[in-house]
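Next up: a single chain in structure tokens, the form predicted alone.
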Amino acid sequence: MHIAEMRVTPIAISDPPLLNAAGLHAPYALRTIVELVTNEGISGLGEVPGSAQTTASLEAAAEVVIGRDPFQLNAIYRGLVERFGVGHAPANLVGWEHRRILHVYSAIEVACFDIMGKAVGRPVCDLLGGRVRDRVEFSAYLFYKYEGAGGALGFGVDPAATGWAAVRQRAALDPEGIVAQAQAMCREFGFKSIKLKGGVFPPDQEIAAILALREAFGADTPLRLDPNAVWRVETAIAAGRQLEGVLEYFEDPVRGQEAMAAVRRAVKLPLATNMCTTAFEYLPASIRLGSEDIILSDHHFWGGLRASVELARICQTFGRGLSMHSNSHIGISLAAMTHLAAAVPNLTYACDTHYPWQSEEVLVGGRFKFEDGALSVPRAPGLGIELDRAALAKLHENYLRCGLTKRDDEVEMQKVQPGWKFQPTRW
């Protein structure tokens, strides 16, 4: 068996005007879908965060992938290194080039696992060592936001929307708005833990939102706060001390491993990261400095599913907690996350997901359904999903119409606040 065809399709999915430290989400989030087809007619799917550069890189990768055995992942990775890299070993690659290869490879690897699972009649989690859980828990992911639904509506509102779809459109700019958003999301999806994306407003306002969530949900609902590394060390320490006993964990309050380690020494809270320790080469310094307690993995950026299983073992060895980072995604990525989470014994926290903020899908049967804040791990071969080609074509048309070629939250924010600039350290 070999890969006979590689289809690369950029898409744009509706994204509400969500605020973060980097600015504002555009009306559309970009994703790139990869479909590999073997000479035996077996197809596999992968998905990564999109941009024109990512799409071009994946299209160029076809010359490496076509003709390969999908089971020979080491050979495929080596081929990508030789195609895109400097020299012939990861150690010789410039940092960005290696990260680009890992990003491209992650989509191809997931699609290969989907093929392998279908070929042998087993779900992907079985190929990663076997399931250790049948349900994977996810966390409610809250955002400060402007009014609007994203997509063709932009900042407009669909007056016919009801339930979570209506709440999803509302502005949330103060503690009361954040609490209302959390109540609606947890009521709709059953999430048992809550994360707030911070770094948007002055720390006192975001602390007040966390305390309002604690009052509304009680001490049995774990809370997380992520200021996206824009606070100063002294600010993070002061805020962390106010939130001791309130937060389940404090995610990336400051930038860099040394700063994170300084905060970790000063507060009695677990620190989590998906910003300061984001690749294997950063792990030695992470262990030496003690910069965090929890790593939020992401198979799109760590180099795929196998690499994420390796990361989990390192976390277990060095006493680190483990969960998963998310960005605006659809069901292919969500299925891959679910299979990976099912096969990792030491997944110690509910995973992040942006999925409730999205409304479209490219899979037959439509969107995944959360039950009590969790997804059941598919038992069908491969990822257990099937591509809806009409839906894919429609979202590809969105991509062609929207005119976006990359994510740029600063530019989007400047449309609302002229002259706004991202500041790596803000408070």
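Keep in mind the model is a prediction, meaning the values are calculated, not measured. Don't overthink the numbering: it's just position in the shown sequence, from 1.
Although it is not shown, the form predicted together with D-glucarate is what the next lines describe.
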Practice prompt. Decide whether residue 103 counts as a contact residue for D-glucarate in the predicted complex under a heavy atom distance cut-off of 4.5 Å.
Written response: no
Discussion item. I'd like to check something about residue 251: if you look in the predicted complex, is any of its heavy atoms closer than or equal to 4.5 Å to a heavy atom of D-glucarate?
Written reply: yes
Worksheet item: According to a 4.5 angstroms non-hydrogen atom cut-off, is residue 354 in contact with D-glucarate in the predicted complex?
Response: yes
Fill in: D-glucarate contact in the predicted complex: residue 217, any heavy atom under 4.5 Å
no
Practice prompt. Name the residue from 286, 221, 327, 235 that puts a heavy atom within 4.5 Å of D-glucarate in the predicted complex.
Written response: 327
Item to complete: Quick one: from 302, 143, 189, 77, grab the residue that has a heavy atom within 4.5 Å of D-glucarate in the predicted complex.
Response: 143
Discussion item. Among the candidate stretches 205 to 213, 190 to 198, 312 to 320, 171 to 179, which one is within 4.5 Å of D-glucarate in the predicted complex when only heavy atoms are counted?
Written reply: 190 to 198
Item to complete: Could you tell me if all three of 131, 297 and 308 have a heavy atom no more than 4.5 Å from D-glucarate in the predicted complex?
Response: no
Fill in: Neighbours of D-glucarate in the predicted complex among 9 to 47 [non-hydrogen atom within 4.5 angstroms]
20, 25
